[in-house]
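Before any questions on binding or motion, here is one chain by itself as structure tokens, the form predicted on its own.
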């Protein structure tokens, strides 16, 4: 897939501003950005749901503007919103979806059994979709795309609402399908997913592409901020966290709700580590463990988006 200067305006405001990139066959191409960056608008254009204002694209060898029907015949799409008849049970919903795609009855039955097993849907296969939890509905929505044949799959935040075990099973299944020739265009707000699944990543911010590269190269180039992780014997201390957050050397501080560990993003870990011990003593808590963690894709992503926004502010100031 080749995208060339693709744009979409709403009034005089660009939601997508002259984006260009290529996606290789059997590649997982990540498309990451903050809320409102233009990810979903780009997907809607590439899947022929929305006409571009300017620019164009070649999708699976077909022109986006003139051969939309041929594109739709060869792609799968999982949107953020629910998009199935909630009056049907899961098994019937999958069967009708396959029927719409003209999948023969015997083949439909085989594929339905496969996705029900692979997506862990056996216990609710006879339940009406209206009675499913958000995570269960999401599983059905992703699973049904594998009832029909496709060469390119667009996934717009497909793991929203899924628990960690189901999420990892889905990502592993996607990897299997990619090894068999499927190409995936993938958006997510969970950066660990992108790092685990994607071959290359494009970062979009305010409608423009900021960077395109492999996850490792992005971490290497934009992960200058280091992460210091530490735990307290007492579990947590709001006073310590508040004081540490206000430090000039701390870019970001978060606490992992699962492990209780604090993660501090900083460019000067050699200054932050002594500061953590000083604050712990001041607030009468004990640091039980501390270490400098490996740079993550999330660290690099925050750095890229922040630098881009600072650069735009500078441009506006000069203008």
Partner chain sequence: MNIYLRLVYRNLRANLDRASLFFELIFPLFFIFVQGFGLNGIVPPFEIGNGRVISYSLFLAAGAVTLTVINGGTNAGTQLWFDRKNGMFEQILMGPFTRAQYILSIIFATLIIGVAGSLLVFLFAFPVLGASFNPSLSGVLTIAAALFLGTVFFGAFAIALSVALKSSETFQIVSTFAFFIFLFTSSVFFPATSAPSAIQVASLANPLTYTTDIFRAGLFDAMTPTVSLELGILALEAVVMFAIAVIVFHRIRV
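Just so it is clear, the model here is predicted, and its values are computed rather than measured. Numbering follows the first chain given and starts at 1.
There is also a form predicted in complex with the partner chain; it is not shown, and the following applies to it.
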The one residue among 146, 124, 97, 119 placing a heavy atom within 4.5 Å of the partner chain in the predicted complex is 97
Contacting member of 172, 107, 199, 82, with respect to the partner chain in the predicted complex [4.5 Å, heavy atom]:
82
Pick the stretch from 161-169, 212-220, 138-146, 186-194 whose residues have a heavy atom within 4.5 Å of the partner chain in the predicted complex.
138-146
Might residue 243 be said to contact the partner chain in the predicted complex, defining contact as any heavy atom within 4.5 Å?
no
Tell me, yes or no, whether residue 181 is in contact with the partner chain in the predicted complex, where a contact means a heavy atom of each within 4.5 Å.
no
Indicate whether the partner chain has at least one heavy atom within 4.5 Å of a heavy atom of residue 87 in the predicted complex.
yes
Is the gap between residue 150 and the partner chain in the predicted complex 4.5 Å or less for some heavy atom pair?
no
Along 1-37, which positions have a non-hydrogen atom within 4.5 Å of the partner chain in the predicted complex?
10
